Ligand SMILES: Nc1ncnc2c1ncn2[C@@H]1O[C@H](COP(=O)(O)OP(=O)(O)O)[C@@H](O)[C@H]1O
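Have a look below at one chain only, the form predicted alone, in structure tokens format.
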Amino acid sequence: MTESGPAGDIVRAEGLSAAYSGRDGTPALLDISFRAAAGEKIALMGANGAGKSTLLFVLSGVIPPLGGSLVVNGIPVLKENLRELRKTAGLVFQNPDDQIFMPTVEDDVSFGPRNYGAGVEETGERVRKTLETLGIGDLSKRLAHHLSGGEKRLVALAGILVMEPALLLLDEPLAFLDTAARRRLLAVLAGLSQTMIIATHDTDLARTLCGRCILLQKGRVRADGPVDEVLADGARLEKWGL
């Protein structure tokens, strides 16, 4: 099931709310509305607990919305559409060890296409192209637990990109990386064509990679605009916990 919408919209969220099950029912997101165009790179910023990761989880179908409407690449985010959604919206976790679970790099990146019915030859070609795009073709036979932190992040990204998603959701992608690994991953992300929503505290990443910033505080959107304008208002950033 798909919905038509304004040309170029990859995300359309209207009045979105969400909460974690098993807690006291307090919403983690409240009345979130925004759109993301094809190819747009958006920094999602806010203090710890602002709702950044929660929004990524809702966009990827990990957490169901409580209210409002959400359409990702023409797919309404509903329980019956989750399998289709997960081919078009790829979430890269903050800790790559939470995402990489197969013995070798090649096995791990192959998992998605195989799980969705791609044949051996098609899967092999997609894995090869994805690893080459990220500059890590030489890692294909390596054991995942022998990789460096930066290499693991690229492999986790490869496991999502191999599915050819329209939307990339990244949670603190530069956390705990050294300078060389940061530069390498930033260059890779800058060269990708997908729409990206990047949860981050890193103002350098936001300014370098993104044209737009959405600022969250206590589950609400407090600012949404060009990244330099949002980050230039020091009083507002301090008020909202940055």
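In this text, residue numbers run from 1 along the sequence as written. Since this is a predicted model, take the numbers as computed values, not measurements.
Unshown form predicted together with this ligand; subsequent notes refer to it.
The partner is absent here; in the model of the complex, the one residue of Ala175, Leu66, Ala47, Leu186 having a heavy atom within 4.5 Å of this ligand is Ala47. For the options Leu205, Ile32, Ile42, Ala28, the residue carrying a heavy atom within 4.5 angstroms of this ligand in the model of the complex is Ala28. Contact check for Gln194: no non-hydrogen atom falls within 4.5 Å of this ligand in the model of the complex. In the model of the complex, this ligand sits within 4.5 Å of a heavy atom of Ser53. Stretch-level contact analysis of 66-74, 53-61, 33-41, 176-184 against this ligand in the model of the complex, using heavy atoms and a 4.5 Å limit, identifies 53-61. Contacts between 185-199 and this ligand, taken as any heavy atom within 4.5 Å in the model of the complex, involve no residue at all.
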